[in-house]
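Quick heads-up: it's one chain on its own, the form predicted alone, in structure tokens.
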Amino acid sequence: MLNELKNIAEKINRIILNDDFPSIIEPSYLRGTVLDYPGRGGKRLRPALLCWCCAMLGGDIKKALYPAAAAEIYHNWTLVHDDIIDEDDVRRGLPSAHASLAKYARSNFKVISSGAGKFGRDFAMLAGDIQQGWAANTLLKAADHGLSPELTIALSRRMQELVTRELISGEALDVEFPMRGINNVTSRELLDMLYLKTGALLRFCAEAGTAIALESTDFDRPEIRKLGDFASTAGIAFQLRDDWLGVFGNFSKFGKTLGSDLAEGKPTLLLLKACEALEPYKRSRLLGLIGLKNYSMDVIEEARELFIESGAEEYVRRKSEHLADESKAILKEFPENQYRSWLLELTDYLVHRDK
């Protein structure tokens, strides 16, 4: 699977790096920021999901490449905005977009610290806005590369009505939950938020690939709906693993700051289950680790011990694995071929990855 994933990544990288959309963005450092995250590479999981769903049902992967590239560019604008909201200064082991732009302002405009920070956030938001337009434009180009105009328009509409509306709603809930406090958020609400924030885009990828294979604009078709369910369920499993890695991951592999969810006071399922199970004194200890300015490895280790002792670590890990099993069960209803095998392996990767 990894070799085929690399093959898809290379095809998507060529489309992204050779596309003319960003070429006339001004100023030049804004253009550089627009290109930055998409150009950092990565495994291109979403494009692989789209292309393999298409091929599993006998579709032509070549027709799926531009929609797949659009999904990847779309994913990257959400990361730029997410890093601003979460105040994360690291992305994939490198400075995040707003952190890089703040450094640029300090070096080139001699702006003081607070002004540089605002400049970085402002320009990163603009970069994300352009990336969203770039994604939409890339999807429309699919009509020039083998996809019918009718299906191209249908997929474009689906991206806006399904992904943009639901994903941003999920991000909004993610921002709201810390304001409500750990005692006022339920496990069901958390899982619903994770579907919106992460599962919606994965659902689109699976639906788009299936629709291309079937040459159908009917997103209520059983095949399209089922593979959408497969992908969105896997997406929740993926996000639970991401939350787990935020505490138990290895920074050099994970590429993001450990403890960032604790710093923001995010009521993750890991935190919610720990607070439900810990005795009052240890619950107070855990809550005392929320909102710190710095998270040394000693602090991370203390949090890890409390999550393990409470059973929350095991609960979240098993929940992620259970959701992955559910998604694989849906997938096994479809024809057995190499592409289905790769999708099953991809699902396993999502819940066992370390970065």
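Small disclaimer: the values here were computed from a predicted structure and weren't measured. The first residue of the shown sequence is 1; numbering continues from there.
The following text describes the form predicted together with another copy of the chain, which does not appear among the structures shown.
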- [ ] State the residue from Q160, T186, S216, S284 whose non-hydrogen atoms include one within 4.5 Å of another copy of the chain in the model of the complex.
- [x] Q160
Task: Residue among I182, L173, V90, A277 with a heavy atom within 4.5 Å of another copy of the chain in the model of the complex - done: L173
Open item on the list: Each of D243, E336 and L343 within 4.5 Å of another copy of the chain in the model of the complex, by any heavy atom, yes or no?
Closed with: no
TODO: Choose one stretch from 207-215, 150-158, 90-98, 257-265: the one whose residues place a heavy atom within 4.5 angstroms of another copy of the chain in the model of the complex.
DONE: 150-158
Open item on the list: Since only the chain is shown here, I'm wondering whether Y29 would be in contact with another copy of the chain in the model of the complex (any heavy atom pair within 4.5 Å).
Closed with: yes
Task: another copy of the chain contact in the model of the complex: S23, any heavy atom under 4.5 Å - done: yes
TODO: With heavy atoms only and a cut-off of 4.5 Å, decide whether R225 touches another copy of the chain in the model of the complex.
DONE: no
Open item on the list: Taking another copy of the chain as it sits in the model of the complex, is A237 in contact with it (heavy atom to heavy atom, 4.5 Å or less)?
Closed with: no
Task: Residues in 329-352 with any heavy atom within 4.5 Å of another copy of the chain in the model of the complex - done: none
